[in-house]
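Next up: a single chain in structure tokens, the form predicted alone.
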């Protein structure tokens, strides 16, 4: 699951016919001033300025300013940009037009075990959490779409009447189309408001969670996903994400500061298993990583280079269970190339490498790994007969 910030989330909704306020996302006050000169709505409308980061409680933190003119928006952006909030540095500000309104509503679509669910309430904003019993739900089976009649029935059940029934049903229908077409896992607008000037329903805010592994199907996803770790993604993390978006299979990489045991496991299950084993035995992880689904060797090589470049590591664990279809020899070829490149750049000095793997072409792959010893690598290679946790124990000198 990949979180998308408000600006790109609003852009996706606009793409599917959902009305949103005019907005811009900027990284500097100079950029905002120039856009203000170029866009009439920024000169004529009251504006809202918000920190454009993956963080909650922005209003309480003073990171939301409302009722501004352009000069006030520039001043607010200047105040926010570069501000440190915990481990997050504010690097972007979103400035949008204020939409005069009286009532606020709630519409969302989310994935469920059986398909998806459309949620509607005739209250919005902070009222939703305290009035969750007013949220009405429509279950949609896998591969199905909600009918117009079903959505109108849902709107009536949520307490809408008159012309709002059809408007809310149409809005929810567009939300579902956006959700389904963009490989979303969760899409929420809170609040939805009625614009006083023309009665149109407007999405004032967006929470968007996408299937990050579906990025290869969406060439127009030209935005970065938001980090979920209270900090921005590092360059190495973004590099691996870029590779992951282009390949069959998967490569994942997240850095953890202060650790000395690097992980390069095969498969999501093995990655969690090995990570848990390291922590349970008192080790300090330097990263989370995995390669799975038989990715190309060049992608595994990129991942290996990032793992081998982690600072202050003493061990690298290359672990995996017994693969069903991931070619051990091929993926090990990528790992070996990554190790050689790292060594050639002066890395991996004093680092011990521990390998345990089984699967298609495992004998050839393991033998290639063993030959790295002849090139000066401190490497220890084991086959499927060695319990998975044994190499963790060896790395932590528990055995």
Partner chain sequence: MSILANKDTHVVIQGGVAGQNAARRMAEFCYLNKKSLYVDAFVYPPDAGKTNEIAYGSGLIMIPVYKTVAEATKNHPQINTSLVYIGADRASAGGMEALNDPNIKVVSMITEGVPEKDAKLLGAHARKLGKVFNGPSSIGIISSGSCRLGVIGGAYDNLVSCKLYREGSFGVITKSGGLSNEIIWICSQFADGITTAIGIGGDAYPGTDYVSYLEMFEQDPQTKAVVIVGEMGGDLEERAAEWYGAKKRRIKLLAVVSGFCQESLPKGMKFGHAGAKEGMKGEGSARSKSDALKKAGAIVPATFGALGPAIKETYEELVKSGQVKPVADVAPVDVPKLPKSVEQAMKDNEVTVVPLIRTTISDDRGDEPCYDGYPASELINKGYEIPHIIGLLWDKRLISKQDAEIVKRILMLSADHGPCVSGAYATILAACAGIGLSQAVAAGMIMIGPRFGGAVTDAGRFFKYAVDHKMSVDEFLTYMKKNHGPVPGIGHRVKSLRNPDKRVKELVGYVKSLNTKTPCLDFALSVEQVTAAKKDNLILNVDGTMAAVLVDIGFPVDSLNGFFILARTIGLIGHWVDQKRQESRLIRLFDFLVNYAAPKRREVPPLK
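Note that the structure is predicted; figures quoted are calculated from it, not measured. Positions refer to the first chain, counted from 1. Note that the rigid core is defined as the largest set of C-alphas that superpose within 1.5 Å between two forms.
Another form exists, predicted in complex with its partner chain; not displayed. Remarks below refer to it.
Chemist: Just one stretch in 69-77, 308-316, 255-263, 146-154 has heavy atoms within 4.5 Å of its partner chain in the predicted complex, so which one is it?
Modeler: Residues of 255-263 come within 4.5 Å of the partner.
Chemist: Looking at 92, 234, 245, 185, which is the one with a non-hydrogen atom within 4.5 Å of its partner chain in the predicted complex?
Modeler: None of the others qualify; the residue that does is 185.
Chemist: Ok, 165, 88, 321, 202: which has a heavy atom sitting within 4.5 Å of its partner chain in the predicted complex?
Modeler: The residue in contact is 321.
Chemist: Quick check on residue 211: any heavy atom within 4.5 Å of its partner chain in the predicted complex?
Modeler: The answer is yes: residue 211 has a heavy atom within 4.5 Å of its partner chain.
Chemist: Indicate whether its partner chain has at least one heavy atom within 4.5 Å of a heavy atom of residue 126 in the predicted complex.
Modeler: Close contact is absent here: in the predicted complex, residue 126 is far from its partner chain, nothing within 4.5 Å, heavy atoms only.
Chemist: Any chance residue 268 has a heavy atom within 4.5 Å of its partner chain in the predicted complex?
Modeler: Residue 268 belongs to the contact set for its partner chain.
Chemist: Does residue 84 reach its partner chain in the predicted complex if we count a contact as any heavy atom within 4.5 Å?
Modeler: Residue 84: no contact with its partner chain in the predicted complex.
Chemist: Which residues in 126-143 have a heavy atom within 4.5 Å of its partner chain in the predicted complex?
Modeler: Sequence-ordered list: 132, 142, 143.
Chemist: Relative to the superposed rigid core, does residue 155 relocate between the shown form and the other one - that is, does its Cα move 2 Å or more?
Modeler: False for residue 155: its C-alpha shift is below 2 Å.
Chemist: Classify residue 387 as shifted (yes) or not shifted (no) between the shown form and the other one, where shifted means its C-alpha moves by 2 Å or more with the rigid core superposed.
Modeler: Result for residue 387: yes, a 2 Å-plus shift.
Chemist: Against the rigid core, is the Cα displacement of residue 115 between the shown form and the other one at least 2 Å?
Modeler: After core superposition, the C-alpha of residue 115 moves less than 2 Å between the shown form and the other one.
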